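Take a look at this one chain, the form predicted on its own, written out in structure tokens.
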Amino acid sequence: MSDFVLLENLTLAYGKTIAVEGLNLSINKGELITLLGPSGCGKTTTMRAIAGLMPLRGGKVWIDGNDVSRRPPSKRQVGLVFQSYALFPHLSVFENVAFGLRLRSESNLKQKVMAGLEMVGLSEFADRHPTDLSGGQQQRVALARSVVMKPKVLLLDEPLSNLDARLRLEMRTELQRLQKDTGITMVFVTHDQSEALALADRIVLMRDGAIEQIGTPEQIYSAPVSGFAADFVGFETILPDGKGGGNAWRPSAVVLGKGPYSGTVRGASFAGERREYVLDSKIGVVKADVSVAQPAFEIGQSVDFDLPSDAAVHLARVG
């Protein structure tokens, strides 16, 4: 079997509620895949099934050519990193990273732990406790603890969601570097499209327990297949064509102050170098952002606008 991780006709349920149905997905060795989607779409449930934390209602999970569908988590050679870090506060950084290695009675333990800490830039923090570290540093400890176990697959469940905006950007870079340095296959779960676009080799966009679209970040960003996909990657003005499809524009593509259409400003907000507007118009709701150098519009003001045809993305379906 050439697929390093293969989900074959996967069906998952909570009681009588089907969470994921008939899902098929193959992941290449050394690939960083992002499962992206809103809350309740099935992305975390799918990740838990790979880990062995979610019983299968149907289908199979394969890892490195082996059917692991009925194996417990400890027998799957997967690593897990959660948004809550899940560190032991009473243990030092060194002992947190060493914990799994001690359970396996690994040789050269100190060397392996220090190599893991060096990999995440925390060698000098080995004797500290998690409570003495920042959120970003704690997340690095959690990563080191998983990586030193040399898992075949590293699963990350919204690991950056508890960090502030600056630290999230730093940790994105750290994750990319770590993945390239180690070659570990990673499955990263997030609801943040900017995170997915920045990190992934491929994005798996999920909706209602199924895959809506799979592609590289560039493919997902430039050629969404539906209104749902388009909205998720920033095409905020979507106008149906009456045939089931439609056209989509990003806010930055909308021209305000001139054009063949007219609308009324319903919302206006300052966003640093840009101003963001929401317009009500006869053709639908239009969202635009323009440079602060352009004259500002007030709520209730009538504004002409244009939707340039060369900036539109055609959608086969708007639903």
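Everything numeric here is computed off the predicted structure, so don't read it as measured data. Sequential numbering from 1, following the sequence displayed.
Same protein, other form: the form predicted together with a small molecule, not shown, and the subject of what follows.
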Legend entry - the small molecule contact in the predicted bound form: residue 19, any heavy atom under 4.5 Å: yes
Inset, instruction - Spell out, yes or no, whether the shortest heavy atom distance between residue 39 and the small molecule in the predicted bound form is within 4.5 Å. - result: yes
Legend entry - Contact flag, residue 69 vs the small molecule in the predicted bound form, heavy atom cut 4.5 Å: no
Legend entry - residue 281, heavy atom within 4.5 angstroms of the small molecule in the predicted bound form: no
Legend entry - Candidate from 212, 195, 158, 236 lying within 4.5 Å of the small molecule in the predicted bound form - any heavy atom: 158
Legend entry - Answer range among 246 to 254, 290 to 298, 42 to 50, 55 to 63 for contact with the small molecule, defined in the predicted bound form as heavy atoms within 4.5 Å: 42 to 50
